[in-house]
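Coming up is one lone chain in structure tokens, specifically the form predicted alone.
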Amino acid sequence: MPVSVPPTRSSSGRPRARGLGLPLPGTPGPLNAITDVPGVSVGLTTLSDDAAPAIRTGVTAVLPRPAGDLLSPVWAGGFTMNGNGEMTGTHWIGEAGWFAGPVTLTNTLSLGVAHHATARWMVERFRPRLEENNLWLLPVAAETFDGWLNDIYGQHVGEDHVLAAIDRAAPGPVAEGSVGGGAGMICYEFKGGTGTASRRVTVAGQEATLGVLVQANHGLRPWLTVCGRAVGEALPGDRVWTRERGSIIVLIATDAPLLPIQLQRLARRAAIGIGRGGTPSGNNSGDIFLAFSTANNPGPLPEPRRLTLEAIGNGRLDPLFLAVVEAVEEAVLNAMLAAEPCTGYKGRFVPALDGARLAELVCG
């Protein structure tokens, strides 16, 4: 398998985890991003302005297939580690094993807007086929709470912001940190937000790519563990709170052919990935994970009368399980390292993770 050299800096110019020389395991894809999975794209709308610091929020859109092919479902499976949060559409995913359309991530009180706008986007593009076949839509929208840095009660995210994020979705490098739905998020009491990573593995004799995207808004600073080292107590910066108040959404994409139950198993492994960072998945945390595969395209809805799926045998899944754990751990770090210090709603300040100090603690 060729060794890729992914970007070592985020679009903010700050070093990513590998750019600091942290000893992270595994082989990333060329971008070390969820967009290393062919066909997957990401779009962002960020509402953040130092002239109006009460607004620190936004929307992230992940398209599992190219925009024109989004009426073709992707096979999927989910897992909720702690349910103090929301991801819509998961009841049907649990029943049928698939979903169709974009996935959107935003703040807690904008979840309904994201759901509504995603349905509108799908209707505008696929209405003739939807009407002809009397099809329904169950968009997948997820949230984490940004109300410490953002005036969440002002509900500043509008339908146009969601539509713009979906329309902006593109392959290629993914912006990280205080962008999109991650604009106002906090992670281990440092500025958090959007992060991504990927792994290339050989599974059942073939190469496969797995990528993750996180909206990281979880954890207490004393818990923070990086590459197996407890570092939280030694990192500078004022504490933000004394008990868990956040959440994390994890999206996992792969081009490996998998059954829905196998994708559920992948989603469960995200819990180990966030656990490596130190969180026990606290009572106040909504830790919700979704995995999907771009393989086995059944064609546009409605479902055909018969479905034929190719799948990797269960006994060969361990490389993918490990890829999930490694990529989730790294994506959370990338989210924190890309984020800038932030002053937000009511003048509240959250520091950024000091990458240089972190590297000293981890690498000696």
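Counting begins at 1, following the sequence as shown. The shown structure was predicted, so the numbers you read here are calculated from the model rather than taken from an experiment.
If you look for the form predicted together with another copy of the chain, you will not find it shown, but the lines that follow are about it.
- Residue 115 belongs to the set of residues with a heavy atom inside 4.5 Å of another copy of the chain in the predicted complex.
- Contact between residue 314 and another copy of the chain in the predicted complex is found at the 4.5 Å heavy atom cutoff.
- For the chain shown alone, residue 98 is a contact residue for another copy of the chain in the predicted complex, at least one non-hydrogen atom being within 4.5 angstroms.
- Residue 199 falls outside the set of residues with a heavy atom inside 4.5 Å of another copy of the chain in the predicted complex.
- No residue of the trio 13, 20 and 63 has any heavy atom within 4.5 Å of another copy of the chain in the predicted complex.
- Exactly one listed residue, out of 221, 245, 161, 125, brings a non-hydrogen atom to within 4.5 Å of another copy of the chain in the predicted complex: 245.
- Of the candidates 87, 179, 166, 253, 87 is the one whose heavy atoms come within 4.5 Å of another copy of the chain in the predicted complex; the others do not.
- Heavy atoms within 4.5 Å of another copy of the chain in the predicted complex are found in one stretch of 190 to 198, 167 to 175, 232 to 240, 278 to 286, which is 278 to 286.
- Residues 153, 154, 155 of 153 to 173 are found to place at least one heavy atom within 4.5 Å of another copy of the chain in the predicted complex.
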